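First, one chain by itself in structure tokens, the form predicted on its own.
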């Protein structure tokens, strides 16, 4: 009966009606029902089964086909075997269930597209050697809405026919896309594509199907009446890329959600990309991705001149110029289109720096400053509070102590209450300590060292490794050999002064000294004020535990540091070579002690000698007064 329906658990229904006349005309017309349904006879009809959905039913009853069509025979031809082997589609999905015609007759009647879609309308896939999976399903309705609606499949897939179905072995999706593009260029030739230079350049890095789709091919012309951003996104919302001269590729895909969630959400595309419009799309050429990123800074500079100017003098900019591709630029910190509003969330603002400086970030989490952030204190410092956000300088030349003073404004007064040597109590005494030791040296409990930095007195800034290399006429990599003559990894006293003698022969240079932490990351572990070092003997004692190092500044990177023999600082040569650094008790120079003893002896000898002479000559002077 036509009304005989089977209700499915999924909510749908399945017709159980069989048209006898149509069945008799099928290839199975001479067979009785029990041939395929062996559990059903005239005397026995099992209880109705529960069927969850149509797909389950098809899978279950397609197994009956194997009773007459052994699986071995189904593996031929190869393409059919691949479909059967994967089990993604079942017999009745392609062949039907009761009105199956002979393949030979069906092939004659079916149009080419009908022939292909019989299988390709199902969810069949192909797994590539790269483990990537591509869908082979074709949506007929998409084709009918496309510019290729009137095409038969063979117009594009001309190597297929009803008797030939090649199997391609693409190694990955990229190769697959390239091959699909080759199909397009059979009609859309290079000559035709060159009429639009921007579009033509795009075809060299991006496959046609990434923009135009596989079968639902849409017209290429974009309505210029669209809102500007929508006009641009019509192409740039797709996974397209551009190719650099050195072969690198860069994605130029733009996600609309990124823009709408950014601080630039009210801007039009052309407010940043000024040379583009709905009528102009210049073809730009860049040497490399790094070159592209460097030029991208000019876009930011249109509005953010002050920030860009500061960035250009930063250690980050220097490192990028030196070829360190990991060094940040505008895009690395702010991204291309995800530019966020400067947040008041102090933890969030520091996370940007911690992405690269994770060791410093971990150390900072142990500090009193992090505790202040956690407590919600508005004046708690973030990374930018000390290091600045754009004009970030190398730690050894950044004068980070000034950042402490910016927040701790009464710092000199508070130190002058205890940091003095009776009867001397002057703020200059505090200044002397501030100039010779970093704040972290006293406000952390980590290991410290005496640093001697090579300093250019003429330029009033640290002498760089490149400048030292120039003095010696060598490559910067060879500077180490000019100071560590015996190459034992440590600078001995004789090596240091010989090196300084050579440098000073050609430049106005000396060494500036300071006490600082050995591991720069440890400088972030600032302890509470109550735990700060206030014991003078911690520094002013010959046995104070300090390593010694010499450092030479390096452009675009951290200073290069060498271990130094501690005795070098106590040498008489330190006097003319080390500027404004002499820690009483710690850096004890013997010659100064001798000179002091001589001066003291001289100071005592003069009055004593004078008094002795007065005593010895007293009789003579008395006789003179008496006229004898």
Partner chain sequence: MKKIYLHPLPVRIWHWINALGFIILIITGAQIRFAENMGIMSFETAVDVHSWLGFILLANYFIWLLYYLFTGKLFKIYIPPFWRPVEFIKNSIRQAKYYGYGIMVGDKNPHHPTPEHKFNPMQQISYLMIMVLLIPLQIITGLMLWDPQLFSSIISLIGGIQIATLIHTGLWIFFSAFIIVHFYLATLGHTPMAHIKAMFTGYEEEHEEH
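Just so we're clear, the structure is a prediction, and the values are computed from it rather than from any experiment. Numbering follows the first chain given and starts at 1.
Beyond what is shown, the protein has a form predicted together with its partner chain; the following relates to that form.
- For the chain shown alone, residue 190 is not a contact residue for its partner chain in the model of the complex, no non-hydrogen atom being within 4.5 angstroms.
- Taking the partner from elsewhere, residue 624 is found to have a heavy atom lying within 4.5 Å of its partner chain in the model of the complex.
- Proximity of residue 581 to its partner chain in the model of the complex: non-hydrogen atoms within 4.5 Å are present.
- Using a 4.5 angstroms threshold between heavy atoms, residue 614 counts as touching its partner chain in the model of the complex.
- Screening 22-30, 66-74, 597-605, 51-59 for residues having heavy atoms within 4.5 Å of its partner chain in the model of the complex returns a single hit, 597-605.
- Taking a 4.5 Å heavy atom cutoff to its partner chain in the model of the complex, the contact residue among 426, 79, 155, 372 is 426.
- Proximity to its partner chain in the model of the complex, defined as a heavy atom within 4.5 Å, holds among 410, 535, 275, 475 only for 535.
- No residue in the set 323, 393 and 522 has a non-hydrogen atom no more than 4.5 Å from its partner chain in the model of the complex.
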